[in-house]
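Shown next are two forms of a single protein chain, provided one at a time as structure tokens under the names structure 1 and structure 2.
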Structure 1
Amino acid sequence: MLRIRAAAAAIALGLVGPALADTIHVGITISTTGPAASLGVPQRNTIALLPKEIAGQAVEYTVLDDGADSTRAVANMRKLLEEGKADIILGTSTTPASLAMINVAAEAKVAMVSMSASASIIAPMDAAKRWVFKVPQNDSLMADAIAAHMAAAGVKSVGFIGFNDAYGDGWWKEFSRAAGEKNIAIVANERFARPDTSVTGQVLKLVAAKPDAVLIAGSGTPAALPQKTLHERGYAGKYYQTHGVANNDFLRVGGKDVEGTILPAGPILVAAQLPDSNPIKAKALEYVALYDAANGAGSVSTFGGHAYDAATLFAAAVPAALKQGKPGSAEFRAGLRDGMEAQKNLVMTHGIATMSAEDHNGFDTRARVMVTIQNGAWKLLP
């Protein structure tokens, strides 16, 4: 467990007085070990960069690791709420675990900001999901971009291989829709588990279907396995991945086998390549500079950006929430929920969010760019 006791340190230095009673407690569960560690580690590193004071209130962050396990994520959330008295929950890194946490948020009437991609985390809106927000782009937004690129590139048929969990299911649903709208035939649908060490059987079926392109719907380093196996089996078509692989660990694990891969990503991935007119560029570069200064040049990750965006969203809601009650009160916690839902044109590292009662992500097409992998690095496509 990582705990950042900024408020206690401030009192020891005589910087603040009894205001410790009004400390905002932020509970965080993320996947710093297990198959989603390449997502959770940069998120953990980002927590250390977050502000220790917001709107005059000290902020304490408590971080727990769930190892991408849904049961652990729920247990962590309950611990953060019951023992840590969390005013808000940030997390977690994976879709299945985030889905498992929704009812806990509703029970406790404490808002949760997920760092996972699937639109199913926040939609369709209902009484439980009104307490849930998420900062990664919806898979529907990214699926549209992939299908449009495929159509423009002359792709007529595609093979699909995705995780055998809610992430893969969400991508299958959204990509099937998007591909159909572009008259692209899906000629194979295969699945694999995040911890798998072999996907030879699934890849042989994909190769036999002879698609023009293959879409791999996975996240983190496990998504490199199908692509490496396809290369081993001589598949020479186009390769597409989702925004779930947009970090340096994927480049390291994939090596030469992921050269030329095409995927949609948040603008932060290629922040320095964005035109100066892009309204997200300054915010993205702000985070890149902070992260690289703390963790080494070139170490920034889009997944860490999700943690930064989650904090940006909740911090923007604090002033309004303080008018409803003090930190630790039911009124303050409800005020955070209401304040996040009221955000308009909030600039984040991944996009510009305009929330509503029906949409707790709020991103539009400004939250995506198309990129490829060239010489082991990310390159912005026109």
Structure 2
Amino acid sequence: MLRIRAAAAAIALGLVGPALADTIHVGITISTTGPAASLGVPQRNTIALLPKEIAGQAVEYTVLDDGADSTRAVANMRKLLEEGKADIILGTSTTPASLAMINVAAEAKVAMVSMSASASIIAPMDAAKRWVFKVPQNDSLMADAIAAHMAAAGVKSVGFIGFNDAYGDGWWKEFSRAAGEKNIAIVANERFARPDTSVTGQVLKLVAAKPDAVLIAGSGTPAALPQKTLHERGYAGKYYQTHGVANNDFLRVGGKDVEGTILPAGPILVAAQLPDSNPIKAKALEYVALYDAANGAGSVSTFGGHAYDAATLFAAAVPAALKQGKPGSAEFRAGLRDGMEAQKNLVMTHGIATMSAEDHNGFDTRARVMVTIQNGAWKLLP
């Protein structure tokens, strides 16, 4: 039994197989189970599509699941570093777990590329966060886009309803700032939980405040519930959602109640509708085609795109890092970090990144588009 378990562990850690001296080991921890599974599952599927060779070097990917649990994420990371000899860490899917991983990255002097949203993972820059990169857009970028769209559409007052967790609170902070800058009044601030079966109480309060628009700050399909309840209660104003809902399951669950919703999203969501002149279009369509071919048509989600972007960023840094040292050496690992920081105008599925010593996200306004839902499909707004 023990031997079987040891063998299973060895396979899981990628120790079995042709152990080339120059293989680049990529350690990945993502949340394929637990509350963030809808982010982690497409990310895991994406990892399976990544190239097995970069710049002439074999690449080995080892994926572990952390169940969106900070403790497990850190344990996974140590395992990947010590037993898997990881040269770089990709992950994880959620903000709290990513934050917990930062110090481990700095301690081991191995770069990590987070796939979670909060800007707090990479800012303010310090000695530990030097080793940390982040591929999803900052919430502030998205919050500014929503506030700007509201101001242009003549919205004067907004009701806010968000998750009662880090996601909702982060959005509340960013959006109240962005709304303040545009002189939009926030007339209600409500919270709901992901597994709630009813949000009638919160919705009654929102409706009573009579806002011009409602912003729902939730991720994935649970964010459809407040919108459905608002419809039932006859709320006739504008609906805004965040980019957390940008997957096709939201359309399926929301049905006709989410028609006309406006949200900011990464360009990949409407890749086919982008103008040909946009360099993101080709990159995003390449990923969509790859993913759909492996997992069935229409199965792609923007969250998987973050994993693809993390791999793109890493791959772009490999040639420069190889000049510094062989895979497995401290020089190579530092070279990966420096290589990623030196990227300029790197095209990814979610945007175009220009990194700097101060900014390890590197996205600008090209990394978001405003979309609406029309006839059960995402539609790019001009």
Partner chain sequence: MDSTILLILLQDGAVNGAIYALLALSLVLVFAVTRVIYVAQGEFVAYGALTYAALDGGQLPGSVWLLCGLGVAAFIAGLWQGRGQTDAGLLLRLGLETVLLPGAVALLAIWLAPLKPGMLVEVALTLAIVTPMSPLLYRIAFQPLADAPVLVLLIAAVALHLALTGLGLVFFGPEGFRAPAFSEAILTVGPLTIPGQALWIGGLTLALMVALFGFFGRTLTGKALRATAVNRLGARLVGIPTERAGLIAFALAGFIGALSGVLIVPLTTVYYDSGFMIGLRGFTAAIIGGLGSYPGAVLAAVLVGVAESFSSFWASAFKEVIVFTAIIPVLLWRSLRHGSTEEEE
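Throughout, residue numbering runs from 1 along the sequence of structure 1. Quick caveat: nothing in here was measured; it's all calculated off a predicted structure. Rigid core: the largest C-alpha set superposing within 1.5 Å between the two forms.
Of the two forms shown, the form predicted in complex with the partner chain is structure 2. The Cα shift for residue 154 between structure 1 and structure 2, taken after rigid core superposition, is 2 angstroms or larger.
With the core held fixed, the Cα of residue 95 is displaced between structure 1 and structure 2 by less than 2 Å. Domain rotation between structure 1 and structure 2: smaller rigid part turned by 12 degrees relative to the larger, from C-alpha superpositions. We note a C-alpha movement of 4.4 Å at residue 257 between structure 1 and structure 2, with the rigid core held in register.
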